[in-house]
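The chain that follows stands alone, in the form predicted alone, written as structure tokens.
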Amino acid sequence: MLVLKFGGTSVGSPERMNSVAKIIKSDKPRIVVLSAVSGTTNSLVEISSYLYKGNIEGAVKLIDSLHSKYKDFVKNLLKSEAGFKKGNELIDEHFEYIRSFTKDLFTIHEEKAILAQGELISTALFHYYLEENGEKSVLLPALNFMRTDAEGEPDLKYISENLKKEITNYKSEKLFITQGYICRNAFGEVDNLKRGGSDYSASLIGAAIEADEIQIWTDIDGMHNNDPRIVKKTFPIEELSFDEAAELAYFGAKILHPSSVLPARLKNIPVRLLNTMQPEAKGTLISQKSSGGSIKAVAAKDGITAIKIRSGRMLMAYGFLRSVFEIFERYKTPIDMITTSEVAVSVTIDDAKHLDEILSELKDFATVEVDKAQTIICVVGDFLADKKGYAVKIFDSLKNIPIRMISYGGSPNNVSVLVETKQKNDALNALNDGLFNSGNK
């Protein structure tokens, strides 16, 4: 069985839904996972923000505006009289439900119920569209099988057992439509997966049914070797290992969230990144396979703060690093990069929410220097220990870029450098020229 996930832009208009319907045609059993129509979740977040503030009039205006957009969507999507009527009834029902939250106390539980409406609407409309065009499909409610545990992590055992039960009810059917992003929590309340959203849903569903392949369809033809918004002459990477894809996703490649392919990796299910607008393009295949000995891509992560911690007592002092890391642990602040010397340690963080408290505690036993507006540039590939020359290529490309920190050796797939954010564009272009456009692939 295949799992195919389509993002918000892929279902963002009636024309796009028509394209998706063509892509999913197959004799193979498949589960199609859909995001909300593009822009919908942002609108629902904005509505929720108004309701939190008690601005009911503003919320109602936003609700009416979004309702009107969906009326037009239905008008252009469903052409038969029966389909049009059914689609309108669906839209009216969901928006009546959203309006009900303007009449009572609004909390985070109500917000999560509102945010779920986007996926519930998009999947139902797509199901109606297929039905109108003579394509048989089954609408599987994700809220019947997607669940997180008490720690807020996906309960894969529960998901697997209950999804298989749902599918067993339709033994003769081959096409199933379900929602990405949304789930229930351990208390049975409507919730969402947050990290990775619909991609995470697709990976969890694929792992639960042990799919042959998971396909993530977006508006770009696979993961590129560099940021195409900044660098010219980028190209899609044909193959990546799970480790390489995870490094790129964590360090800034927007096409995937770092957590989203983990379930597929654990079950050794290949993940293919494809382009809805160019379905014939090869895209990127992510699997356990590693081509070995090559530089694959470059990614950049902004919003980094560097902290240098210096102490005269650090030399030969047992427990110094533990004391440092315990402070970051107390404030639930992950560290991205770390470098050490005999008298100092430098770390980077991407979450400065508790920076003041962290610095206050560090200053009890060390001198601290802080650099904000930094960017981590990450070069990803399969850097085998017995292969030579990678460092020379990377640092020769960056010879005109001031470098604040270097991290290499913690992973066989990643060489990272820290630069000022104002140097990011120059660094990405220099690496692209030096690594990919000069015969040094």
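Quantities reported herein were computed from a predicted structural model and do not represent experimental measurements. Each form is matched to the other, and the largest set of C-alpha atoms that superpose within 1.5 Å is called the rigid core. Position 1 is the first residue in the sequence shown; the rest follow in order.
The same protein also exists as the form predicted together with a small molecule; that form is not shown, yet it is the one meant from here on.
Put simply, of A207, I295, A253, I121 only one has a heavy atom within 4.5 Å of the small molecule in the predicted complex, and it is A253.
Residue-level contacts in the predicted complex: of S346, Q215, T148, N226, one residue has a heavy atom within 4.5 Å of the small molecule, and it is N226. Across the options 347 to 355, 360 to 368, 254 to 262, 105 to 113, residues that bring heavy atoms within 4.5 Å of the small molecule in the predicted complex belong to 254 to 262. The closest non-hydrogen atom of G87 lies beyond 4.5 Å of the small molecule in the predicted complex.
At the 4.5 Å threshold, heavy atoms of T421 stay clear of the small molecule in the predicted complex, well away from it. In the predicted complex, no heavy atom of D243 sits within 4.5 Å of the small molecule.
Of the heavy atoms in E132, none are within 4.5 Å of the small molecule in the predicted complex.
If you fit the rigid core between the shown form and the other one, you'll see the Cα of K301 move by 2 angstroms or more. Taking the rigid core as fixed, one finds a CA shift for G252 of 2 Å or more between the shown form and the other one. With the core held fixed, the Cα of I63 is displaced between the shown form and the other one by less than 2 Å.
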